[in-house]
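The same protein chain appears twice below, in two forms, each given on its own as C-alpha cells and labelled structure 1 and structure 2.
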Structure 1
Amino acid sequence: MSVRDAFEARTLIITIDGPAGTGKSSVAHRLAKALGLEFLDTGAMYRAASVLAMEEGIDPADGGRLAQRLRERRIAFDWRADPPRILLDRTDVSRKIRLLAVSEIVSIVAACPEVRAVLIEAQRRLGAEHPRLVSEGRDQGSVVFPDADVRFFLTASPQVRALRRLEQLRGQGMDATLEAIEQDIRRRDALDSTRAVGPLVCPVGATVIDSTGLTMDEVVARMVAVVQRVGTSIEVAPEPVA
C-alpha cells in the first residue's frame, strides 16, 4: 500500500475551536479541501435548530421543548455538495440559516444544555459515519472529539475580529461602528469563557494559531504543516487551495 493509500484509508479527525470572527469556518473548509477530508460546520447545526424554533413558534430559550422536537425532526447534511448543504428533515435550509433573524436567536439556542446534548450526540454520530473530517465549532476539540488526531484553537485580536465583522455587516447592507462591535466582542468573549454550559476553552493539547496579521492561506498552510508533522505518513492533496 502506498503512503497515499495509507493516508486515504486511515481515519483522521481534525478539530478547529475558537471564538467568533476568527475565520474558523472558511479556514476549516479550505483545510478540508487541502487534505482531501470532509468538512463539518457545527454552527450550521445550531442555526438549523434556530430555524426549527422559528418555524414551530418555540421560545428559543425553551431548551427542553426544542431538544424534544430536534429528536423528532432531523438535522442532516447532503455531503454530495461542497460545502455540504444542511437539511432540516429533507428541506435544504442552507440559505435560511444565514438570515439575520436566525443570527439574532442562535446564541440563545446554543446556550440551552438540552439542545447542546442533542447536537453533540449528532456530531459524534456524524464523526463516526464520516471519520475523515475537519470539524469546526467552539467545542469540537474540547468536548465533542477530545481524542481528535489534531486539535487547533484559532484566535485573533478583538480589533481584527471586529473589522471582519464590520466588513461582513456592510456586505449585508447594514451599518455599525467599529468601536461598538469591538466592545460587543470583548463583552461576549468574557461571557463566553465564563458561562456554565459549554464555555469557550482551549482544548488540551491544541495548537494555538493567532490569525491576526495572517491571510487565510497562511493560516491554512500552518495547519497543513502541523497535520503533516503529527502524522508523518500524511500526504497533502496536490491541488492548490481554492
Structure 2
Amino acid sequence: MSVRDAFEARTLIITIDGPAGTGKSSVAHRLAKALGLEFLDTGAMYRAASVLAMEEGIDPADGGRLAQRLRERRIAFDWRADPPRILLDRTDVSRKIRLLAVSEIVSIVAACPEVRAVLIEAQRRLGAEHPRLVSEGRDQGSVVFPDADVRFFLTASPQVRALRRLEQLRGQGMDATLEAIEQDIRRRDALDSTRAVGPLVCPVGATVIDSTGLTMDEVVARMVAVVQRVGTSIEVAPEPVA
C-alpha cells in the first residue's frame, strides 16, 4: 500500500515551517500531490495582504487599519488550479505577490499582531474546511496547527536561498539581482525571528531538513519517508460498511 493510499480516508495535517526562500511552497505543493492532500500556502496570504497595503496606500506597519481592510476584503484560494491561485476578492494576484517590492514589506506586515490574528483565523478555518492538508509558512507548526500530525522545519543557507529565489523570479520573467535578494533574505530572517508575535521558530517535535545540498525531489522523498513512519502510529479511518 502506498503512503497516499494509507491516508486516503483520514484527516491529516502536515506543516512545513522555515525561513524565506527555502522552497517551502514548492516542496509543500509536491508533498501534497504525493500524498493526495491539499496545499495551503500561508505565506501567499501575507503577501496578498501586502499587495492590498500597496494598492490602497496603507502603511505596512499600520496593522489596525490593514486588518480592518482584510476583514472587508477577501483573501481566498482557487483550489481548482494546480498549484492553487491566490485571490484578492476575485482578482488573481499570484504573480503580483512575488514582486520584490512585496518581499520588501511582507515581514513588516506579518509582524503586525492585528494582521496575524485575522489571517491565523482564516488559516484555521481553511484547515477545518480542508482537513487533509499540507500547510506551509513561518508559524504553522508552532502557532496555527500546533497539534498537526507531522511537522517539518525546512532550512538552507542564505546564499542558496537567494539563488533559488533569483531563478524563480527569472523563470517568471521578473528582474532582480542576486545581491539584492540575499540582502532581502537576511533582513527578513532578522525580522521574522525577532518579531513579538508568531516569531520564526522550529516547532517542538518538528523534523528539521537542511535542503542546502539537496534537490527538491530529495527533500520531498525524505518528508514522505517521515510521514510513512509516523503513519504507523496514526489511526487510519476504516472503510465504510455497505
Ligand code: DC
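Structure 1 provides the reference sequence; residues are numbered from 1 along it. Fair warning: this is a prediction, and the values are worked out from it, not measured in the lab. Heads up, when I say rigid core I mean the largest set of C-alphas that superpose within 1.5 Å between the two forms.
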Between 1 and 2, where do we have the form predicted together with this ligand? 1
Would you kindly give the rotation angle of the smaller rigid part between the two structures, in degrees? 21
What is the Cα shift of residue 176 between the two structures once the core is superposed, in angstrom? 8.1
After superposing on the rigid core, how much does the Cα of residue 158 shift between the two structures, in Å? 3.3
